[in-house]
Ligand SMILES: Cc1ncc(COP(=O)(O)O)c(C=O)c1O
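Consider the single chain below, provided in structure tokens and representing the form predicted on its own.
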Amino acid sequence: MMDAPAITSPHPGPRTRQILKRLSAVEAGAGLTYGLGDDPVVLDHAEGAVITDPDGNRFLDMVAGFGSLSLGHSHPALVDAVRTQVGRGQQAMSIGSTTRTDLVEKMAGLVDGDYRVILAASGSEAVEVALKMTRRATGRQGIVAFSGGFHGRTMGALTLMGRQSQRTGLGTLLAGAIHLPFPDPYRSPFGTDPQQISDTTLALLDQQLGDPASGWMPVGAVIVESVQGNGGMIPVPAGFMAGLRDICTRHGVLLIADEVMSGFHRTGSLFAYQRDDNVDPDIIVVGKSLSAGLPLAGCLVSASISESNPVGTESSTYAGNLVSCASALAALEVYESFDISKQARDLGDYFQTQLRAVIGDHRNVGTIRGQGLMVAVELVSDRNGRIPLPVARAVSHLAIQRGLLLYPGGHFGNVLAFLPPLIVTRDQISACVSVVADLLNSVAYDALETTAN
């Protein structure tokens, strides 16, 4: 395995600059190429958690395709499966396929209960499918979401996102979205005790659903990330999902678990909602690491919801593309070949322990949190007042120059987040922590802090 970070030519090197110049001349600025920094990495080839650019620099990838590359770059099992499938056929819309049938059967059996599977090409599309199937099944337009949630960028999914920057200029979105404060123990209007925050959030939802004068339109579903990803790797308090399931059941409201980023062992269990016992969502939205890097997503939908939706109303040309399905089958086989959930738990604990030991006392580190290999450092200008320090993207830019890819996020743009492949090593985690520590103690970071304040 190649060592990284290893910067032999200051980034961006001459070949990287040449490619970025070509790209910027033709690519719309609204794309995501520049999402991590002003001088993005250009991938020439990659393996595991290491990306090599055209100038020979090696970068430690702790973003992993925003969590989609759970087995890292170019995993041999996936490469073999994709090569084989391309030789057999790559597309089969509105006809059957042994590859797709094998995958759908396996997905339907992932959790207990009577679920049907519908495939999509992206997490956003899968959320759209969940929204439409929910409306048809319940006849109600209202859907409860949580502040800071990220469920996709398409118009319906975007309605569920509270982030103003993503909605500015778009005018009226899909009607029916209702937002409640996410039960974040670090930033909740209901206190700082996780149990109190959980109980109060659930009580508010319970009251509103049961009050005919609440002002809410009839609610068909609640959608939630058990660990907010883009919002800053924030797990819900223990017991929250069980309480949410109980409330939804009592009020005849569907529970949608968005596991697009947190699913498939990343948080230390197959799905993040399984941290609580006896939680059976009505719809489970999956994507990203389902196929470990190829375009594929979908929904596990309870049989009763499936039966209430007409045949052929949900699909798209690339939903269930055969090459992506083959990759997913190979990924699921790798996941099942060893206890990858335990590995994610152990490595996640190690990651947080290292961060706390090395930067836990830094003046701007407000909290270090996570679940499994969804890990984050929240930056503040004042630890007592918990005032956000919105420098995450600028720190990400500095990190790239040092050969590290991290995920700038959070409600206020103040979170350094990490979504490494589940096959990351302890040495690579230690190397990441060392770079982050050096950055937070650098002159360049001091300048960012001064400017932000």
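Computed from a predicted model, the values in this text were never measured in an experiment. Start at 1 with the first residue shown and count on from there.
Unshown form predicted together with the ligand; subsequent notes refer to it.
- Could you tell me which one of Ala272, Val236, Met261, Leu160 places a heavy atom within 4.5 Å of the ligand in the predicted complex? Result of the distance check: Met261.
- Could you work out which of Gly152, Gly243, Gly366, Gly72 is the residue within 4.5 angstroms of the ligand in the predicted complex, going by heavy atoms? Exactly one listed residue reaches within 4.5 Å, namely Gly152.
- So which stretch, 214 to 222, 351 to 359, 375 to 383, 144 to 152, is the one near the ligand in the predicted complex (non-hydrogen atoms, 4.5 Å)? Contact criterion met by 144 to 152 only.
- Wondering, does Gly123 line up within 4.5 Å of the ligand in the predicted complex on heavy atoms? Yes.
- Note that the ligand is not shown here; using its position in the predicted complex, name the residues of 274 to 288 with a heavy atom within 4.5 Å of it, in sequence order. Read in sequence order, the lone residue that approaches the ligand (within 4.5 Å, in the predicted complex) is Lys288.
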